[in-house]
Ligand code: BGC
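The form predicted on its own is given below as one chain in structure tokens.
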Amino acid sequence: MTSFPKTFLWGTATAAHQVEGNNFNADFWVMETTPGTIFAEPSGDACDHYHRYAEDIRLLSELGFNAYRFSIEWARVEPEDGLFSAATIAHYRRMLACCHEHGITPMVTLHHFTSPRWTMRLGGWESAEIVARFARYAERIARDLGDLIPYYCTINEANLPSLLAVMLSAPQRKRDDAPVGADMSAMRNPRETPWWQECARRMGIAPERLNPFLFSNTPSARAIVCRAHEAAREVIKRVRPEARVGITLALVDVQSRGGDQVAQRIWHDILYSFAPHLKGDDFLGVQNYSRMLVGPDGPLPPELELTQMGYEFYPEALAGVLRETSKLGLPLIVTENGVATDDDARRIEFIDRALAGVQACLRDGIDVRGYTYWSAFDNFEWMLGYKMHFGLIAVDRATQQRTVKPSARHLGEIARRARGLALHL
């Protein structure tokens, strides 16, 4: 069996809005708390990771991980246009220092779906003005915290609006026991609802200026996201030439059932159309959860067991995506891969089968440099609330008590073995 490189990054991941709690300066906070919302519930206190990060990072280290991907929340750092919070920056400095103290390599995401409310006054991700604002924020982080940040992911899943458009057009086979909303159908026409109008009113803007990242899938929005990535990369590299900068993309393993042209078009839309904007990147963050079957007329219904999220339990998709993305010629880091399930034995199986695919890619010479499981905790899953359980660690919402699942110890022991460390028996 192929050994993993000693320098391989073994980690898990979170996003600030999903775990920190009370991110009330963000656009999503308004959207979650406005009557008629398509969100199953508000994020609220989340996992209180903002205050509990030290114990959480120590726990990840004790489990055997040597990397942690998390996001710095722009809405906290810059709560008003041009007004930066020194206290918040100091908080994230303590968090980064805590990672280093425990032998954890931090991988920082600068934008993970949420944006400061004030960006909506500019027109959100349909406004070219956001490019310069995002670059200014990235430069501030690089100057104030960059000595502690070896890896930057500028924008999380920059292509997700494009992928969602494809996924929402696909036939679905919903699990009988899946939580209501797992088909994400509420994402189809949110702008036509009274809720959208009220969100805009509460932000003090016209509805057409309400353009949050996840809901912006026009050609102009995609171009602005790519320009924001390029601008952020440029300023980070200027301030911290040693930093490794990349972007993450949400990718499904598109498998043809006689629909080769359809598959090629989807791969172009979700991967290759972004390739020109990755020149100069140090790595590509690969994020994968399942596959998509396509025929001559488009996406086909799923065939296999479904996860809580309503897509197939198919960990082999990761290897397929790694092989496709390797054609871009960039080093690859698996920045998200995981499964939503209450059956932790299935999570262990998912991890083992996914890692077998990574090993096969390494054996074939594909440059994969890390594996980051999503997610560290059972956390806020956006429109679907807290019903989706991706985490290696369970969190009691009433007490915030953490409970380590067997899958966390399993993956941690794999990481320890690969790194040549003593196992925790």
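The structure displayed is predicted, hence computed values, not measured ones. Sequential numbering from 1, following the sequence displayed.
Absent from the display: the form predicted together with ligand BGC. The rest refers to it.
Residue 309 is the only one of 309, 149, 300, 262 with a heavy atom lying within 4.5 Å of ligand BGC in the model of the complex. Taking 156, 211, 115, 71 one by one, only a single residue has any non-hydrogen atom within 4.5 Å of ligand BGC in the model of the complex, and it is 156. With the partner omitted here, the stretch from 23-31, 373-381, 358-366, 56-64 that lies within 4.5 Å of ligand BGC by heavy atoms in the model of the complex is 373-381. Using a 4.5 Å cutoff between non-hydrogen atoms, residue 125 does not count as a contact of ligand BGC in the model of the complex. Residue 289 belongs to the set of residues with a heavy atom inside 4.5 Å of ligand BGC in the model of the complex. Though the partner is left out of this view, residue 12 does not reach within 4.5 Å of ligand BGC in the model of the complex, counting heavy atoms only. Residues are counted as partner-facing when one of their heavy atoms sits within 4.5 Å of ligand BGC in the model of the complex; in 326-355 only 336 qualifies.
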